[in-house]
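We begin with a single chain expressed as structure tokens, specifically the form predicted on its own.
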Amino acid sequence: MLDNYNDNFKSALIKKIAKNSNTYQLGNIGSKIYFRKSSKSFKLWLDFLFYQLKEACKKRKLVVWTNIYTPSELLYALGLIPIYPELISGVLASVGLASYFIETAESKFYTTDLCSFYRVATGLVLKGWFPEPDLIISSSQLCDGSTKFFHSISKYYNCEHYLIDTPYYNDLNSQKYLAAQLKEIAHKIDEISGQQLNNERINHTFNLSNQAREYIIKLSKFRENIPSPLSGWDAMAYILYMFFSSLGTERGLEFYRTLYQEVRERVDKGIGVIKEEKHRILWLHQIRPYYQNEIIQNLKENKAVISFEEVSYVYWSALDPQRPWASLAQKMTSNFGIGPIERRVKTVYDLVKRYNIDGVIHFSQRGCRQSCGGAYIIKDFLQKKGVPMLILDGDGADSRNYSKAQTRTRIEAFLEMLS
């Protein structure tokens, strides 16, 4: 009985600490000390991460939980504080905490067939460690697990869930259908928040996003250089976090401006990710394993570098503040991952040619059926073009699904084939 009391006390104490804004203020200071030798762009990401969590705890604005393919510009234009459970789950996996929350979710009968990122997020919810949402906005785009997760969480917290139904096709009718949904959601949130959405805020948010987009495009151009000046391993970590969550903010613009300057300096000095670049790899799917693993070491030992990754590709046009809903709708339907598989195949092959790619690795995350389902179609197409492709099965957050020896063997065999 005393043990149960102690466990309950510790749980309540940790929950209180996790929801205290000062925790994240101190966490940022501590992280800056620990990562003092890291790049300025990495430290700016830390600033942004802890700022979001701190503000969510303060509750001075409405806190919205959302998924990565809901345009962040919509949320910032509406004056919301967004929390991204998928991205936070990746961060927790990188510091070795994902297993604890996965086990918490599974103890409540969440099956291992579900995406591990949402099992981590569910564990966080069950433990009460997340800043609670005032509302939820998510899109159906690309991920069925996302839709089910947010629907379930809205019931758990008894809050509104606005689901953006993203059409299959990228045409005018689809964009009109989507724009009408975005406009309706914006007006509903205006009523909840009591703030009137105005053109000035839309202009400011869209302009910040467009400026950051230009820096991302310039970064993508730099990455055509040989040797590769930016590691795809980093691009799918803290840079990816900013790609999905910061567009439309001052901090996001500062981050991309700084990253651009860092990469430009490396290009000017001829500095590559590795000393001798032998194989240039294109990484497919939007994630990689975030727990401790040896994949990047396996690549480096064989003089291979991830020169680019499909998730970093800028597929959308600059946003037009004069047509906010149509413009955001166009951004969403322009994603090459939705619609006919031919759209993704074409984009992948364009990236292969643009970045002088020697081989392609598709990381098939358990639970991400929408991406993995097209992997063999892409592989068949690339083989006909003479481009080798490895389908690497794995998991982004659950380390139990990672086999060090098997992964090393498959990567080494693939790279030997490239040689």
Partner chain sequence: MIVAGLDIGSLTIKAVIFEENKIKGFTIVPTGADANKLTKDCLELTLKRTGNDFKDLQAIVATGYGRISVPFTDKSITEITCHAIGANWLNPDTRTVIDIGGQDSKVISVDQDGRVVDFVMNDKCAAGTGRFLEVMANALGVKTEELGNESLKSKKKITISSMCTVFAESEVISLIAEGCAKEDIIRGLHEAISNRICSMACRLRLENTIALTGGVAKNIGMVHALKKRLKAKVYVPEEPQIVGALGAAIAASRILYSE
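Source: prediction; values computed, not measured. Residue numbers count along the first chain shown, from 1.
Although it is not shown, the form predicted in complex with its partner chain is what the next lines describe.
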Taking heavy atoms only, is residue 60 within 4.5 angstroms of its partner chain in the model of the complex? no
Contact of residue 401 with its partner chain in the model of the complex (heavy atom, 4.5 Å): yes
Taking its partner chain as it sits in the model of the complex, is residue 350 near enough to touch it, meaning that at least one heavy atom pair lies within 4.5 angstroms? no
Report whether the minimum heavy atom distance between residue 369 and its partner chain in the model of the complex is within 4.5 Å. no
So which of 354-362, 49-57, 378-386, 62-70 is the stretch with heavy atoms within 4.5 Å of its partner chain in the model of the complex? 378-386
Checked 394-409 against its partner chain in the model of the complex; residues with a heavy atom within 4.5 Å, sequence order, are 401, 405, 406, 408, 409
